[in-house]
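In the structure tokens that follow, a single protein chain appears in two forms: structure 1, then structure 2.
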Structure 1
């Protein structure tokens, strides 16, 4: 069958970098779903674009759908015919399927003979199908935020300026809100906003755009940027600091990338490194340059989207901007560091943390109180306690400095505090803890290394989660404006890494008690806070590879110390694979099934009612288990505890083999249920193993 290439280009004003990849991925998924649902195919597909255009380039699309034969079975022959003529029921079946009496066949089945149709459905033209799909796209492409311009019924990330749609040599005339559509596309901005050109056919698209200074394939553009950053200093002992995330962002800012070297005044190198990189990388999207020892230099590289022949003029403009920003930063830094960091703490009274929870000063007091309690639980020395409390007192002081107050360097909160603390002569661990207490800031961020940073981080995040939820602002769906999920994850991660035996239940309760000084307790909301932490524990442990059924079986430990839950989960994951434990699970599940919904389990056990040796033997094993289990659990020795459970397995098996639990004698039945209930209670101290999923195991009946 004849094939053609298909091209759709959506031209628009520059997209924000964060909007590009989600929309591109959606566009590719949409086209792949379209060709699958419409029985089409393509030999090669490329979906990509630049800040000013998306494109779909599908090579080798058949011009027609393949024909298909639809099989339709109608009423039985006895119903379809009367006196040799088709009945109304049969005629209705034919009308429904646009068929004639000549099309009728008789099909024999095990259920009898039925009239049948084999309807050939010719394939539709791919051109019309592609046109319909293309016209439905603009409204459907998802963006975090959309805008409306002259077309009141169309919203998009940025105004759409042109459409280019081709199937082979033919233009697909798309009717889309009056947006111009044809074979016209537009060049890179530095060649002129009105510089247009024709795309003769889809296969020429990428080359024609390159001739007009547009590198439309994002992957090619990214590789070009990465290579140019390597090449720029190939003749000198300097290197661009690797920043893959920044390279991705810059790739979605340019259409024709050119790496340009520039520099700033050497005097600014006295500033802390992150202030320089924040100015260069975060604000300006430029790349820092290091020497062979890894030290910062006064050079930087930016990726220009302008005319390469005018790079010198562009360089001078960018240098002016960077020097001006660094001059501001130096002034802020010198002004702020002329005073001790602690002198900024009183000003936190003027900063509102959250309307119902008071000021940042009130939050600092709560953090200090929670830190003091945690230090006591960890039995720290007086010297360590003093450092932790000093770190908590100073942790938020930099929020009211000029450097952060001017909103230029807000992402450096904590880092600025650390720098000012060191200048003020604070203990180095205290200073580092100020920076670290915000960690982890994201899923891939490191955890605090210092004791100060770890404790203050836990206290700060607990106060935020418990306080915000008590204020009635529990996250819903994807909305989490206070980043409570990240904060709760951080608490669990730090506790786990440190191996602190601090039960989450106790930490939450203490934080909620401290909060009462600023916001009244609410039992329902406080329970939601505890459940919120349970969800985060489950998420974290699943990331660590713990099976869902293991977590379910340890439900009673999910507000324990995370290290305690991890030890139990690892022990259970290990022992569940043994044959003896498989047998134990079967026996325990039998006991749990018998007791489920049984009022008999509320009766007390009476050893005088034992009439069979297997009952007495199981009870003696239970008494021995209770002693050994309590001893093991006092030291959180979960693997030995689980092994003790295995030891009682044979006694349980003999009991079920020889004893009729649900006997007719009511007193004996009550007593046997009571015995099973005591065994179940003992098991639940360790794990509810009835929730474990064991493949290929048949339960004994």
Structure 2
């Protein structure tokens, strides 16, 4: 069959770099699905584009769908014919399938004879199918964020300005809200305003675009960029710092890449690395250049989208921008570091942390108090304590330096403090702690490595969470303007990772007590803060792969030290799979159910009222269990403790097998409830295993 090439180009105003790849992938999947569903094919498919265009280039698409034959079975012959004539039922069947009596065949099956149609469906023109697919696209392409511009019912990443749709030499006239559609496409911006050209046929697309300074295939563009970054310093002892992510971003910012070497004033190299890189790579999307020792140099390489012949003008402009930005940074840096970091601390008095919680200075005082308490609990040496407290004292000082007053560097809070602390001659752990006390900055961010950083981080975040909640600003739904979830998550993560035996409950209580210096306690809100932490613990343990029912049954440990909860959870997760434990759960659930139905569970146990051997035996086992559990739990040995529970399982089973708990005699009944109740409280010291989900069928046995 005759084949033709298909081209669709969607012309846009510049797309955000991060929007390109997901949309391209979607487009390709959509086209492949379309081809498959419509029994079409293509010899070669390329879906790609630039910031200003997506294109689908399918070579060798058959001009017609293959014909197919649809088999349709109608009523049985008995029903279809009466007196040799077709009945209304049969005629209805024909009508439904657009068939005439002449088309009717009879098909014999084991179930009898039926009338039958073999309907030949001629293949549709591929042109029409391609048109339908193209017309349905714009609304369907997903983007992280969409906008409207001209049409109320059409949103896209950025405005769509032209469509180019060809099948062979012919234009497919797409109707799409009046967006111009034809064989016209547009050249690179540096060739002048609105420079357009015609695409004669799809196979010429990539070449015609290249002639108009558009390297439309993204893979080719990316390779060109990477190669040109290597080539820049061919014979010199310099190299571009490899940054594949940046290369991809840049690739999605340009249509006609040219690598241009440039440099900034050497004097700025005295600035800390992150200040330079945040200016060069994050703001300007330039590549840093390293010498053979791997040191930063004052050179950088940028990928121009301009006319390669004009690179000199473009270089000068870019250098000017970088120098101006670095001049700004250096001014702050010199200004700030002319005095010790410590000297900024008093100015925190003037910074409001939050209206109801006082100034940043007040916050620092609270952090220091909480750090002192934590150090005491952890039994740290005097030397360590001094470092932690110094770190706490200086942790927020950089906020009032001019560098952070500048919006462009706010992401570097803590980092700036660390730099200034080092210049001021602070201990290196203290300095690193200042940077690290903001960690983790997100769910996947690294945790503080220094002890200083870890303790100050926990204290700072606890204070924020407990304080903001006491101020009545508990996060609701997705609104969490103070990032309390992240802060509380961070506290739990650090405590768990460090394995500190610091109960969360005590930390929260201590933080809340310290907060009273600035805001009165509020029982209801303070409880909400504790519950908030419970949710965060649950989040963290879910991340760690702990089953929800295991966590449920350890409810009494949710505000214990996270490490303690983790040990218990791991032990319980392991033992729950064993058979003995399984029957123990069933026995325990039975006891719990009986007690739930009991009016009063405070009957006292009287050993003289034991009648049956099984009662006495269970009681003896209980006494033994109590002693052993107390020993095990004293050292948080959850696995041995759980094994002790298993030991009492057979005694419980025998008890239930032989003893009628809810007997007629009230005194005996109450005594038996009392015995079960004591068993239950013993179990609850370890875990409420009635919360563990087990197979229902077995439970009912």
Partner chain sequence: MTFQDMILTLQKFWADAGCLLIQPYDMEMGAGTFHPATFFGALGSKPTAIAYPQACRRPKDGRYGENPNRFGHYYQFQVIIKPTPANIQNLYLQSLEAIGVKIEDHDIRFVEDDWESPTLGAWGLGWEVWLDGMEISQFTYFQQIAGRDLFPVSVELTYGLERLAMYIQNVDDYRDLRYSSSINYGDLFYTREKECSDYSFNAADTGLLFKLFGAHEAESEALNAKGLVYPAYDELLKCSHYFNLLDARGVISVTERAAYIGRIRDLAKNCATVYLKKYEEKDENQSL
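Numbering follows the first chain given and starts at 1. Superpose the two forms; the largest set of C-alphas matching within 1.5 Å is the rigid core. For clarity, every value in this text was computed on a predicted model and none was experimentally measured.
Each structure shows the same chain on its own, and structure 1 is the form predicted on its own. Here residue 53 counts as shifted, since its C-alpha moves by at least 2 Å between the two structures after the core is aligned. Core-superposed comparison between the two structures: the CA of residue 100 exceeds or equals a 2 Å shift. After superposing the rigid core, the Cα of residue 295 is displaced by 2 Å or more between the two structures.
Relative displacement of the residue 171 Cα between the two structures on rigid core alignment is 12.2 Å.
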